[in-house]
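Taking the form predicted on its own, here's one chain by itself in structure tokens.
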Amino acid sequence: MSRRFSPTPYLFLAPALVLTALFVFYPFFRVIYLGFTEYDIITDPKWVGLGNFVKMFGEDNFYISLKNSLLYLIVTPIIIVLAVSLALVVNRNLVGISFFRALYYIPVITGSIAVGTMWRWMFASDGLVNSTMLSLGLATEAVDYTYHEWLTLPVCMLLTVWTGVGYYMVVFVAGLQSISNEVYEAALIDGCNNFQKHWYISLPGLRPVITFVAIISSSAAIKVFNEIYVVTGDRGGLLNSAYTMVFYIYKEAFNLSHFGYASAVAIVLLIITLTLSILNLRISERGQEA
């Protein structure tokens, strides 16, 4: 007996499909097309083939942004270690533990612009960090951390860690609560101490969650923009030392109107992001097989 065609499911799917096509697929293919053109948003796109990519690999700022974006991936293992550690601490039935969970989560719900502005004030030449270090005799002169060749990027990375740990802590707490208490009780009966309990039960049980966090946090790290923009005040650090790839795309597209060239850089960023995600999945699969 043949099924009768019903348009009802497709009518329910139509709004979502139309919105996805307009705001996901069309911009995606448009950027790919513009990456092979010379386009300044005023005149029509002019096809230049691989010209943008040839120009890109000859630009010093591209290599600076690529290096900084890859260097920014250091925040991923730091965030994972700190978030797992906090999750183990707050995943206990203690009086007032909910308060500490909320306390660690406050940076997540605080607006990134507000947090970045506060961070810029703290690390300015007349900010809290310099005042504290000078008063304690740890420094002889004030340093503007937001406009320094070597220190601006680490300050932005520290901001990313501070704002991200609370979010991923909640993710790991959810993963810990999915592990049966009976497994922990059996381990304690067998003579495991607290360290062994977490090393042999909690961490293996969190492996899928750690993989998930590694993928999304590394993708977010390599596409970082807000921290750089707010902390450096649209300067990108001294001698462009804090340029990341997304910040570089922003400067080329919206400051210099090189939309075709910026689209080419975006294509390279897409390839890097996909490669990192695939590598994370492959490493996770090998770890599970082992």
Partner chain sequence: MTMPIQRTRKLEPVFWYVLLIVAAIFTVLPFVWLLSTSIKSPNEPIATTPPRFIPLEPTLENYVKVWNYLPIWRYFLNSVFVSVCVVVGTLVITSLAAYPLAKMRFKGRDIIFYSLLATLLVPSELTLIPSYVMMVRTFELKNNFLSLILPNIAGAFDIFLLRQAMRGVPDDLLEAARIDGASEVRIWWQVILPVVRPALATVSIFSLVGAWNAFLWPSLMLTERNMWTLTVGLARLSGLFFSDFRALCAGTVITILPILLFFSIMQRNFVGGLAGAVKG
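Residue numbers count along the first chain shown, from 1. Just so it is clear, the structure is predicted and the values come from calculations on it, not from any experiment.
Another form, the form predicted together with its partner chain, is not on view; read the next lines as being about it.
Taking the partner from the other structure, its partner chain in the predicted bound form has no heavy atom within 4.5 Å of any heavy atom of M56. For the chain shown alone, A142 is not a contact residue for its partner chain in the predicted bound form, no non-hydrogen atom being within 4.5 angstroms. For the chain shown alone, A221 is not a contact residue for its partner chain in the predicted bound form, no non-hydrogen atom being within 4.5 angstroms.
Under a 4.5 angstroms non-hydrogen atom cutoff, its partner chain in the predicted bound form lacks W47 among its neighbouring residues.
In terms of contact with its partner chain in the predicted bound form, the residue from L134, A187, V81, L73 that brings a heavy atom within 4.5 Å is L134. Interface residue among M157, I210, I201, V170, judged by heavy atoms within 4.5 Å of its partner chain in the predicted bound form: V170. Contact annotation for 202-235: residues with any non-hydrogen atom within 4.5 angstroms of its partner chain in the predicted bound form are F212, K223, F225, N226, Y229, listed in sequence order.
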